[in-house]
Ligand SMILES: NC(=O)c1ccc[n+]([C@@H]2O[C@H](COP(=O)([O-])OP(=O)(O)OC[C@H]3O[C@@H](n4cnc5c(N)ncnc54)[C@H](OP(=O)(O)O)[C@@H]3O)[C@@H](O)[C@H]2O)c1
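To begin, one chain is listed below as structure tokens, in the form predicted on its own.
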Amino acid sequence: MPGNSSGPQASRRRSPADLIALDGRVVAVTGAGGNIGAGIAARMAAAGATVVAHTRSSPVEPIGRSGQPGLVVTADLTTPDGPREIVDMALERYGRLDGLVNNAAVQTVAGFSELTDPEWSEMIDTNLTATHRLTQAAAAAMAAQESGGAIVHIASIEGSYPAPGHGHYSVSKAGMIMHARAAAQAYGRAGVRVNVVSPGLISRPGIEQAWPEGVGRWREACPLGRLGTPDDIGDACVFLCSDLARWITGSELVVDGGVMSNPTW
């Protein structure tokens, strides 16, 4: 039976290659129609997981393992019932849920002092409230399983360092980081681990043409000299959902090529 808390004795007997595998596990990824979400879903499937791919509107191909189709769920996460629908459909189809990646998000640009109530609400409802509701629903399902489960929030380095025009986004991502710590405390005894991946700037089609100055500044500031890729974020999520991370919970894994190691003064 798949599990996320094999215990120290069992883990010592298994190789790292065995511990990273997600064979037999069911992992839900929200926002799987987007750039980063598609990368996370693909890497989860490559590691052996059966993927429940959520989308609000973007078309998503079912992503399974070993050539088998997965499950696509279309839901509005800003509604009270949307998050629960993802969990319920995973349980109905597969009878279990072993992992959840809270990736769905919005990122709008607005001056902090001019920010309207609807702009604020959209950001908080999508990035933070939906994450809370999904975590509650998924953790309850995972706690009912002998093997527990793993939850990963996709936050941002802007949760620690706000950028102009992104203040409301930064607040929502900072909230996700603290939410993971609180959830880790709440659900750890039930065998549910909750962690955060905070990406830096991730490549996407057309970004260098649309924002050449920003991409140039990023490369100059980045010790590893490049933008991240969706696979970079997906691999971090695979690690945190795997038994290699069996004693990691309430932690933030920054995946930014080292940008946050630079001084800001």
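Throughout, we count residues from 1 along the sequence that is shown. Please read all numbers here as calculations on a predicted model, not as lab measurements.
Just so it is clear, the following notes concern the form predicted in complex with the ligand, a form of the same protein that is not shown.
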Review point. Exactly one of 106, 186, 163, 115 has a non-hydrogen atom within 4.5 Å of the ligand in the predicted bound form; which residue is it?
Key: 106
Review point. Of 154, 192, 134, 180, which residue is found within 4.5 angstroms of the ligand in the predicted bound form when only non-hydrogen atoms are counted?
Key: 154
Exercise for review: Give a yes/no on whether residue 202 approaches the ligand to within 4.5 Å in the predicted bound form, heavy atoms considered.
Suggested key: yes
Review point. Does at least one non-hydrogen atom of residue 37 fall within 4.5 angstroms of the ligand in the predicted bound form?
Key: yes
Review point. Taking heavy atoms and a 4.5 Å cut-off, does residue 229 contact the ligand in the predicted bound form?
Key: no
Check your understanding: Though only this chain appears here, would residue 57 touch the ligand in the predicted bound form if you measure heavy atom gaps against 4.5 Å?
Key -> yes
Practice item. Enumerate the residues of 233-255 that have a non-hydrogen atom within 4.5 Å of the ligand in the predicted bound form, in sequence order, or give none. Key: none
